[in-house]
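Okay, here we've got a single chain as C-alpha cells, the form predicted on its own, with questions on binding and movement later.
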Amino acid sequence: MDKKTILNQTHRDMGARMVPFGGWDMPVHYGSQIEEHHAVRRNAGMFDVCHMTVVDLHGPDAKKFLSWLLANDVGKLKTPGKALYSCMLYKNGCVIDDLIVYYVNDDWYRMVVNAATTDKDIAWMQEQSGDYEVKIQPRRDLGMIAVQGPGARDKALPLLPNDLQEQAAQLEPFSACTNGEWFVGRTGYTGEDGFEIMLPQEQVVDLWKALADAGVRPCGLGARDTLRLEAGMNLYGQDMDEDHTPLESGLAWTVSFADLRDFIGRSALVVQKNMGDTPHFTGLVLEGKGVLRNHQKLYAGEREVGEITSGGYSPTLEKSIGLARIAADAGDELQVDIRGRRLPVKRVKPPFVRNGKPLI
C-alpha cells in the first residue's frame, strides 16, 4: 500500500485527485494543473513535499564526511544557513541522488533527499560513514511545505513563528534560518522565489490550511513537473539516474574538482572528462505540433543520436519543451520521432523560464 503524508486527508478534503508516486499516495492536481502552474508563476502556490526526507548530520566529522560523500564541495559553505546543491555518487561516478545540503554550524548539516531514493540514500551514507565521527539522523518527525511564486514570501511570512519572521524576511536566496524545530529555506524547485518550510509533523496541517486561507493555491505533482521543467531543473530517475554521471546530465557545474579534494566518484569523472566525448545535455523546443515526452528518440538525419529525458507542454511558453541527452557530435539539426513522425526540434540552453519571464 502507498505511504501517506500527514496532509493526505487534507488533500482529499480540498478535492485533489490522488495518484501513486514513488510509493506515496500524492495529489496530482486539484482540478486544473494549468491553473495551478499559472498561480505559481503569477502569485503563489504550495506543494506537499512531506514525502521527501530531511536528514541531519551531527558530529565533529560532519564536514569531513560530506566532503568525501558529495561531488560538490561543502567547504564552500562558510555562512550559517547557506545551502549547496549536489549529487551523491557511486564510485563509478553515476548518480545515487541529488540533494540540497544546508550548513547550520560546524557540527550540524541538514540535507533534503528525494522520496523514492531515501532508503538507498540512508543505507549508502551509513555504509560510507564508518571512519567518521558523524551521526546520520533521518528526521521523519518533520514535514515540509514548499511555498513558491512572486507573492509566496509575503503570504508565508506572517504565518511563521514570531521569532522566525524577521530572520526569514532577510534571507538571501539559497539560504536558511532556524529556530527550534522550524527551519525555513529560501529555496525551491519551480524557478520562482519562495520558501521551503520544515516543521513538526503535527503542525503541518494547520500551516497548510492557514496558507490556503491567505490565498496560496494548493498545487499537485502535475504543476510541480511543468514548473521544474520550465526552470530547467533535473528530475531524478529521468534526467539523471544510476546509469549516468553528472557530466552526462547537465550537472557538471555541481561537481567541484578544486583543490584536489577527493570524493566518491571523482576518479571515474576525471577519466570521463578527459575522454572528451561525453554526451551533451541540452534543452529542446519542438517546432510544430505535438508534445515531447521522455524516451522519445532523437535523430540527426538517419542517425539516432540521443533521446528526450524529460518533456512536456510549457503553459508559460505555450510550446512543447524538453531536456535531452545527445551524442557530443550530433550537431544542431535534430528531429524527434513522435509516433513514427520525424519533427524538427531546436536546441536551446535551459532554463526556459525564470521568475515568470521566458528566456528563449
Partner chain sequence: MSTIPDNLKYSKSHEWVKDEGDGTVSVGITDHAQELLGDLVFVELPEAGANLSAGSECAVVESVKAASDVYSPVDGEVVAVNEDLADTPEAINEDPYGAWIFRIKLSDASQLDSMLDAQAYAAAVEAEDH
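Note that the structure is predicted; figures quoted are calculated from it, not measured. Positions refer to the first chain, counted from 1.
From this point on, the text means the form predicted in complex with the partner chain, which you will not see here.
- Within this chain, residue 341 lines the site of the partner chain in the predicted complex, having a heavy atom no more than 4.5 Å away.
- Mapping the unseen interface onto this chain, residue 17 counts among the residues with a heavy atom inside 4.5 Å of the partner chain in the predicted complex.
- Though the partner is left out of this view, residue 241 does not reach within 4.5 Å of the partner chain in the predicted complex, counting heavy atoms only.
- Interface residue remark: residue 279 is not counted as part of the site for the partner chain in the predicted complex, having no heavy atom within 4.5 Å.
- Contact with the partner chain in the predicted complex, defined as a heavy atom within 4.5 Å, holds for exactly one of 299, 30, 313, 68, namely 313.
- Proximity to the partner chain in the predicted complex, defined as a heavy atom within 4.5 Å, holds among 187, 117, 249, 226 only for 226.
- Across the proposed site, 38, 214 and 220 without exception lack any heavy atom within 4.5 Å of the partner chain in the predicted complex.
- The stretch among 137 to 145, 119 to 127, 285 to 293, 178 to 186 whose residues place heavy atoms within 4.5 Å of the partner chain in the predicted complex is 285 to 293.
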